[in-house]
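Listed next as structure tokens is one chain, alone, in the form predicted alone.
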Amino acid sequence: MRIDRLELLNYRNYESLDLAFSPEINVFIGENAQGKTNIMESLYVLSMAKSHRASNDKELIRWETDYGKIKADVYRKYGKLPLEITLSKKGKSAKVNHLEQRRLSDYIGQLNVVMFAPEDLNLVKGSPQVRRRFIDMEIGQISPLYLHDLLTYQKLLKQRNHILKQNYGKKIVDDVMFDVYTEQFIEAAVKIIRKRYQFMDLLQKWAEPIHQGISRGLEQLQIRYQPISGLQPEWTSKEMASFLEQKLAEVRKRELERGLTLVGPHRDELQFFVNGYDVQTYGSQGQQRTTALSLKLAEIELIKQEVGEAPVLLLDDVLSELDDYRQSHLLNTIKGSVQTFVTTTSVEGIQHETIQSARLFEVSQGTVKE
């Protein structure tokens, strides 16, 4: 898949912008704080209907305007697909082929992207929340049903926590709805856990040989998904549900003491091991970066397998974070196979032919010149 044309209206520091892209490599060059990352962010929002760096959509709308808009002509294997996201202070709406979508979860998956930015190094050394978000966003791109289950789970978690807070400090829960919410919560949790296990198996399949290639065969990467302690991936849904029910009963007293749900996928963890050692704790910075790069390249292959065509790759100021060898490995991998967007302050020092043949855009104070 590829993005042929992008239009922005009142988005961040762009009053209006209309760009046509190369189907291969597009490079945005400029100093920091000029608007390069805003373009990358708009492509991510076009895919995921949310920003990777702002929690409030109002931040995406240009200062002193009422709404912002992102439009693009996307080409997939079956032809042209116009996409559109409109952001306003009341909310956002999404259109596919000029038709407004009833739910944003119906929209996500029309355009698949893989974003690699310096903060993605936190996938390895950051908090468990960063890794859970990575899992959820990537599965959501290839499985709209997962997004639906995740939203259901989050809603039930909120309702369950609300009752626990109301009963804070008590010995028993005084609310007839609590057991109903808990039963529904367990059902949604099992669906999420099973899907995450499936995704991790696929990610491991692609990431392991990629990591071996980058490390010149010296390192073996293992990805380990850790849900509730003791739960086994080979169990049936019924067995998982029974186990979760038991675990929730065991922690009920502590939940009432804290007013929080203490067991569930919202507390799961993802670990990375290289040659048997935990990369987060014992890995060098180079090993952590190789692991992050392997995951991103594996994402491309995974999406390609699941969707039937390659996603769009967004490299936001990341080439300068990689040494020459990892940089070359990345560029060799994407050459001719994935439409790629790159931001950088300069292409000097990047000798790779992929960059030399790219379409270049100069970005300065919210204006873009080719």
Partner chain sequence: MHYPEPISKLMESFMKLPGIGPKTAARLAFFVLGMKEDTVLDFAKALVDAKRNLSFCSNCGHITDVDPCHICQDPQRDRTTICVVQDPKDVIAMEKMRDYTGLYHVLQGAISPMDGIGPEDINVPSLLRRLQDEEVAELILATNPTIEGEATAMYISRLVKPSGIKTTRIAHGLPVGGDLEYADEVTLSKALEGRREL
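Since we're looking at a predicted model, the values are computed, not measured. Residue numbers count along the first chain shown, from 1.
This protein has a second form, the form predicted together with its partner chain, left out of what is shown; the following refers to that one.
- Its partner chain in the model of the complex comes within 4.5 Å of a heavy atom belonging to Asp174.
- Contact between Gln166 and its partner chain in the model of the complex is found at the 4.5 Å heavy atom cutoff.
- A residue is said to contact a partner when one of its heavy atoms sits within 4.5 Å of a partner heavy atom; Lys170 fails this definition for its partner chain in the model of the complex, lying far away.
- At least one heavy atom of Tyr181 is located within 4.5 Å of its partner chain in the model of the complex.
- Taken together, the three residues Thr152, Lys155 and His162 all come within 4.5 Å of its partner chain in the model of the complex, as judged by their closest heavy atom.
- A heavy atom within 4.5 Å of its partner chain in the model of the complex is found for one listed residue only; from Arg103, Arg254, Lys205, Arg133, this is Arg103.
- Proximity to its partner chain in the model of the complex, defined as a heavy atom within 4.5 Å, singles out one entry of Arg289, Arg194, Lys247, His148, which is His148.
- Listed stretches are 182-190, 238-246, 207-215, 225-233; the contact stretch with its partner chain in the model of the complex is 182-190, by a heavy atom cutoff of 4.5 Å.
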